[in-house]
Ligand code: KG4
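Below you will find one chain, with nothing else, as structure tokens; this is the form predicted on its own, and questions on how it binds or moves follow later.
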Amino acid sequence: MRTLGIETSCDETAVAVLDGDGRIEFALLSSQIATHAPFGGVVPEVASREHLKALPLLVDQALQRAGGPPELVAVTAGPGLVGALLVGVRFAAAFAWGRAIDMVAVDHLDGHQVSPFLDLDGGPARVAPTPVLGLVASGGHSAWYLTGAEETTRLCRTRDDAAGETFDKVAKVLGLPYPGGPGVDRLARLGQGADTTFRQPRLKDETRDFSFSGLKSAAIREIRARGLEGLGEERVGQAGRDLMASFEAAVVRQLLTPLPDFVKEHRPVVITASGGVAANTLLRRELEAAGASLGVEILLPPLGLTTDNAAMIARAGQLARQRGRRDDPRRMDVIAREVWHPPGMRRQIERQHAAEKASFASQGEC
């Protein structure tokens, strides 16, 4: 089904149209980076207003340039900023209802996980094999997922800050423009980082979860101790470049530490990475090297599909519709927090909640 995809979960207004084979017929994105840059981060109310202005214009262009009228609407319904999500969901619901076409609500993280299988050169979407071991790393999320034929399972996650958020906050103290990830990447390419500068966190439980808050704080302390605060990309000198190389290496090392164990345990056919941090030069290089060492194919999205985009939402909606999913536009709502999960994960969360409830009952708590 030709699909109109709408993505407004944060600060990017994105619209795309995919044909029935997942070819990208039209994709356009209205960025709000310049709007939020003076604040050093996304202002939710401002983001919502910008979506209201941009979305109707982008959809109008999509309808004019697509190969035909859409038969399905796919829209991000969570997680994300609640006001921003509501703009996209309400628009999509009205669009689908007014044209009497199907609608599917899409998990933003599910969209990221299908992005490596899309083609920006006009080819059809690749059919994903199973199982797929996928890293989603962005400004709001950092987790490894295992996608099988029936369900998606989260293997580990960040306990605090996401990797992209850590890049942004450290970059802000250094005086780099928002978003900070590209600036850190540019400096790190010119630096010689020492692996001993930043230590990896040690969690007390048996999970392979991440923790970036300590690394973020340590990097900020080093910036201030070396007199680099607020200097910006042109004035930090070699000391700043070396420090960012060490900092970047510590982030990437933590993200990839669980990979060998996950490959051994789950035997994936392909390993993917997605989200804004998947554009990082070192992460892409280290993943390729790991894939060659472990004997597993590495599939990375084109750089144009690493950030939030509507093509991935449209494709995730197509796959959900093929599985029989269809949502009622009159009853659509958004779920801003990351309790919104891919379909297969809902059962996992329900089991977790049941176990927690039983644990509380055994302790006499309510």
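All figures in this text were calculated on a predicted structure; none of them were measured in a lab. Counting begins at 1, following the sequence as shown.
Not on display, but discussed next: the form predicted together with the named molecule.
S138 is the sole member of S138, T158, T147, Q113 with a non-hydrogen atom lying within 4.5 angstroms of the named molecule in the predicted bound form. This chain is drawn without the named molecule; in the predicted bound form, the residue among V236, L133, A279, A143 with a heavy atom within 4.5 Å of it is A279. Remark: of stretches 121-129, 199-207, 81-89, 172-180, the one touching the named molecule in the predicted bound form is 172-180 (heavy atom within 4.5 Å). Contact annotation: H108 falls within 4.5 Å of the named molecule in the predicted bound form, judged by heavy atom distances. None of the heavy atoms of Q318 is located within 4.5 Å of the named molecule in the predicted bound form. Using a 4.5 angstroms threshold between heavy atoms, D185 counts as touching the named molecule in the predicted bound form. At the 4.5 Å threshold, heavy atoms of G164 reach the named molecule in the predicted bound form. The partner is not shown here, but in the predicted bound form the stretch 292-324 reaches within 4.5 angstroms of the named molecule through a heavy atom at T306, T307, D308.
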